[in-house]
Ligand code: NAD
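What follows is one chain in structure tokens, specifically the form predicted alone.
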Amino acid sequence: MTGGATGIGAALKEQLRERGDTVIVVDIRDADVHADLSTAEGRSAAIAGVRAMAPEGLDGLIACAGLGTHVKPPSLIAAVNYFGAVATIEGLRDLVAERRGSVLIVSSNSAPMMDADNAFVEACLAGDESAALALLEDGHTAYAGSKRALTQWMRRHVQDYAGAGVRINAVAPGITRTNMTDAVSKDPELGDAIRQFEAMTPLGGSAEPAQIANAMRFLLGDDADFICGAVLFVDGGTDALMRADSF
């Protein structure tokens, strides 16, 4: 898994290890493989490191590494959230196929807030990293747009991956209590918006990382063996509130 040092990734890592799984973590710190997914060199290092540790294949691959709206420059957000995730998944796909495993991406309930025909989203899906990053001027577009693009990429590749025996799905969390969201809430420009977003959650408040990890663990497991191409919102009902007629 990428992004297992903190937050949702750390919670899932602990749950998987508690049930006896071997988890290889890729992150910039506190990891089995240290790599910066914002760069091509870091992505190559991540893929090589996992390959060295799992030569017989992977039962699952979780693309959890991500940066929030507060990170500057916004190009870093997109570089990690979309291009780092896709490169890692594509680079390790054959190891997952070896064991007919499952790929799980971490989307967001903010993904539907970005239009599918947004120029940044289209550049991401075209695989043009330079053009995509050059379009960015703010953290919201970078975050919501990268999650939108990543989710569309997942949906577009369902048939191809399923043909190789690989299930691919997404979990879309709402606001979750992590270091990342704490940093956003303290940001003078973004803090009010995230607090208002949290206040409108139908079930109230924000999720704990373990609550998101519970859903992720299900999608990775045998009980979800016929679920493929799904986007599971774990957001206390916020997406339904905002898009009641879309599903």
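On a predicted model such as this, the values are computed, not experimentally measured, just so you know. Note that residue numbering follows the sequence shown and begins at 1.
As for the form predicted together with the ligand, it is not shown, yet the points below apply to it.
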S102: touches the ligand in the model of the complex, heavy atom cutoff 4.5 angstroms: no
In the model of the complex, D59 touching the ligand (heavy atom, 4.5 Å): no
Partner contact for P173 in the model of the complex: the ligand, 4.5 angstroms, heavy atom: yes
N179 within 4.5 Å of the ligand in the model of the complex, heavy atoms: yes
Joint contact, G7, G66 and V106 to the ligand in the model of the complex, by non-hydrogen atom at 4.5 Å: yes
Answer option from V50, A213, A35, L220, heavy atom within 4.5 Å of the ligand in the model of the complex: A35
Heavy atom within 4.5 Å of the ligand in the model of the complex - residue from A193, A40, M200, I28: I28
Answer range among 140-148, 156-164, 89-97, 118-126 for contact with the ligand, defined in the model of the complex as heavy atoms within 4.5 Å: 140-148
